[in-house]
Ligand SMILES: NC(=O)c1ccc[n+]([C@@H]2O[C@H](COP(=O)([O-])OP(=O)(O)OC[C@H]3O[C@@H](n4cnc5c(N)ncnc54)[C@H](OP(=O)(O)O)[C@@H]3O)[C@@H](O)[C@H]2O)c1
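Just the one chain here, laid out as structure tokens, in the form predicted alone.
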Amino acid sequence: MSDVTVIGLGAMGITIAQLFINQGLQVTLWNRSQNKAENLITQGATFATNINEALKASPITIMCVFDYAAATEIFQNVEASPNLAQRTLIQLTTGNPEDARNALLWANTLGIHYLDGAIQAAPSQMGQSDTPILLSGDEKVFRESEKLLEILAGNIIYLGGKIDAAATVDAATLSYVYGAMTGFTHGARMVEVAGLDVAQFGKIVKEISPSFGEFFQHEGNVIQSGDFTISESPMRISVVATERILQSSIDANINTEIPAFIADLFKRADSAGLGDKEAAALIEVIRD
């Protein structure tokens, strides 16, 4: 029996398998096309002939394929077998909360233990002390798999027994990332139109990011507490600031979709009487 099976040999799957091989583990692989496995096979990995053989080969299987549509198609080819009982499947394919819930139901019908996860790093960042992976599902199954997972990432974040927790938090963090990306590109356009150095702007953003990370951590604590008494940043400051960004964009004759949307949210918060609350009280508008 192998120590671990890896299903999916895209860039991330190959990296995952390589990290296990580097630790001296016996690794079984499965992918739709075997050619992607050739280099790993020369290093001692075994290629399974089908998905059923792959799942049976190891007590723990890591799956990381393109998307949940691909994962679901693979699931449909798995045949029920007593040999699958008590095996553990750790799904690291990015999906949404409903995907995670459906996958757990499928695993339960086959007697397979199931954990759902999300990798929040690029392949080149895997295996580092700060590499983050979100995991959720049965805690006993997680603890039994933890040592193996630590080969892939030093920052394993267990989010509890709700199977959809990892997918939910993954989507939430990506909401932050893409929100920041849209704001960044709008800011880059402001700098560009003014004839300033966009690369320098990027450097400034990098340098201020740690302090804003601490700020958002504080605002998360405020939201969790439900106490919006001013502690760091009054809402009224953000109301004025977002209106100023919008006006600056209008004056520069550039696209105003992003600042108009943001300014409107803060204006609505002010109109709702939240101006003298902590900035995190903006969530009251989002809740509505």
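For every residue, the number given is its place in the sequence shown, counted from 1. Here the structure is a predicted model, which is why all the values come from computation and not from measurement.
The next section is about a form of this same protein that is not shown, the form predicted together with the ligand.
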Please determine whether each residue of Gly13, Ser33 and Lys36 possesses a non-hydrogen atom within 4.5 angstroms of the ligand in the predicted bound form.
yes
Contact label in the predicted bound form: Leu9 to the ligand, heavy atom within 4.5 Å
yes
Is Phe66 near the ligand? Define near as a heavy atom within 4.5 Å, in the predicted bound form.
yes
With a cut-off of 4.5 Å between heavy atoms, is Ala122 one of the residues that contacts the ligand in the predicted bound form?
yes
Using a 4.5 angstroms cut-off on non-hydrogen atoms, would Ala167 count as touching the ligand in the predicted bound form?
no
Out of the stretches listed (69 to 77, 184 to 192, 136 to 144, 159 to 167), which one is close to the ligand in the predicted bound form, meaning heavy atoms within 4.5 Å?
69 to 77
Can you list, in sequence order, the residues from 77 to 99 that come within 4.5 Å of the ligand in the predicted bound form, counting heavy atoms only?
Leu92, Thr93, Thr94
